[in-house]
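Okay, so here's just one chain, in structure tokens, the form predicted alone.
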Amino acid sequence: MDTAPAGAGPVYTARAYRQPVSRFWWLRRRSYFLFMMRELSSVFVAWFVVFLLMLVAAVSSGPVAYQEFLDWSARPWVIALDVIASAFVLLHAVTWFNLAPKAMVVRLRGRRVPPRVVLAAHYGLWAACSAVVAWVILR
């Protein structure tokens, strides 16, 4: 209740009721948990971008800088961070691919392509790209 000028009576200001929410609401359901993990995975995607930019900078700076980067990358905490980041990036990719058939409707000759086909195409293309990258790195 706020005070009003003399003689005007009390002024009531209404505030919307906000139900208290637990900080761990996202642990109640598996779908909420996956949603939060997917949101968190964007931090690790950003880490990989920074890591790759640091790699490119080291390679472009010469062999000494590249060797220093490799030495830094071999530290246990960097390896642990990369392993955790890989798991989160994998979760990010899988949840994105599972969402794709729902988010995009593909039509071919006027007919809707079944969502399973769209999903299989995404995973197939992902596997093909991974195979090409593995071939380039491991040859």
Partner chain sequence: MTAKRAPAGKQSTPRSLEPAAWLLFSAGGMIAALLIPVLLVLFGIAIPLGWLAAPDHSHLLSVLHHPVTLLVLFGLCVSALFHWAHRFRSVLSHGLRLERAGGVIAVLCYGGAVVGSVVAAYVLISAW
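Residue numbers count along the first chain shown, from 1. Model, not experiment: these values are computed from the prediction.
The same protein also exists as the form predicted in complex with the partner chain; that form is not shown, yet it is the one meant from here on.
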property: Residue contact check: Glu68 to the partner chain in the predicted bound form, 4.5 Å heavy atom; result: no
property: Partner proximity in the predicted bound form: Ala93 to the partner chain, non-hydrogen atom cutoff 4.5 Å; result: yes
property: 4.5 Å heavy atom contact, Arg15 to the partner chain in the predicted bound form; result: no
property: Heavy atom of Pro114 within 4.5 Å of the partner chain in the predicted bound form; result: no
property: Members of 33 to 51 lying within 4.5 angstroms of the partner chain, judged by heavy atom, in the predicted bound form; result: Phe35, Met36, Arg38, Glu39, Leu40, Ser41, Ser42, Val43, Val45, Ala46, Phe48, Val49, Phe51
